[in-house]
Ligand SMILES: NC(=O)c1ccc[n+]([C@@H]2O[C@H](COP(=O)([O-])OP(=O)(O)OC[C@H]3O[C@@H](n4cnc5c(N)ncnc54)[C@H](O)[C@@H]3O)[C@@H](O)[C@H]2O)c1
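First comes one chain, alone, set out as structure tokens in the form predicted alone.
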């Protein structure tokens, strides 16, 4: 049956279902529809479904091409979305793109959303269908959760009555369509034949390399990839802290360090957020705790989690130079999204920073041009503020009139968590400047 399914995929006669229409699933559904497939999207958010079915985008921020693509594929009738799983009864390929968060206390994965999807597929999964998990999951999840979950809900046998694959997503908010089409993918199949069927599907819109693998390898590759980046960022942040203590500029150090062959120190900053990097290192080590006692990966998480709190330390120190205590001070915080020029505020470092400000008695006023809750003018939050903090490198902040901002404030303290404000320009405007790795 897998050979026939591969032929149907190649001929684009296989109907496609995509479950979860967030930052991953919606672009995937659109690209498949744009490639000529008939696509049905499923999501639990009725408002989101209504928005998409109107041909509009529910994704905010600067996301090149996504609004036009949604309008095109919906208008052409190739993408329809619904909350009803019954619409998947005749679908031959199902792509699952739902969250896999980790518990804040134990750092173990929560499969509530994934288990719910597997249960609801039980009554609608077509014989011979291919189910692909694009969600990032802990290594071992396909064998421990997905296969038994689908077999229990369907009463069918994986590998005989339906097929399974894991092709972990590699998208980034702000670059959704670019990454989806250009980045290479690890295509994990239950068997080599399943991997080839998946390659036949993904090659319709992925121009990067499509590397076949087994399920476990695909699980490890994605989580290890983000754990690697987390460790690299932690190194940059720790060097920044050392530079602060010694009175050096970390950006000068980084520039010279990276001239050495094979060295590529990343940028330090005010914290690591988003849906992937803060949790994927924990997913990587989740199912090996009885055999391996990891040291480096948890330490990197600790360093990076500390950075939003360190931003409060920088604010407090800079205010002290003006004889102002943090308790009772108004702090204007610019940026709430985890990434510049997007509305994605998942696991926002700013959220942790604001909580720490308030715990220490400061008054936080947050502005973000993309996150609905914080859409207001910069003037609204800087007027009467004792300090202004740059937490996100939104493009609009880079052209901020520093002199005018200084005039609106009660004290002139500027703390830069993303190295987007020129120190000399800030000091020329009358600010006391402090930055990560550059105090």
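Computed from a predicted structure; not experimentally measured. Numbering follows the first chain given and starts at 1.
Quick note: we don't show the form predicted in complex with this ligand, though the next part is all about it.
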* Asked: in the predicted bound form, which of the stretches 206-214, 116-124, 230-238, 364-372 has residues with heavy atoms within 4.5 Å of this ligand?
  -> 116-124
* Structure fact -> Contact with this ligand in the predicted bound form, heavy atom within 4.5 Å, among 139, 173, 165, 109 goes to 173
* Structure fact -> Residue within 4.5 Å of this ligand in the predicted bound form by heavy atom, from 307, 94, 276, 250, is 276
* **Residue contact check: residue 194 to this ligand in the predicted bound form, 4.5 Å heavy atom** => no
* **4.5 Å heavy atom contact, residue 70 and this ligand in the predicted bound form** => no
* Heavy atom of residue 43 within 4.5 Å of this ligand in the predicted bound form -> yes
* Hey, in the predicted bound form, is residue 346 touching this ligand, heavy atoms inside 4.5 Å? -> yes
* Asked: Taking this ligand in the predicted bound form, which residues along 82-105 bring a heavy atom to within 4.5 Å of it?
  -> 85, 97, 98, 99, 100
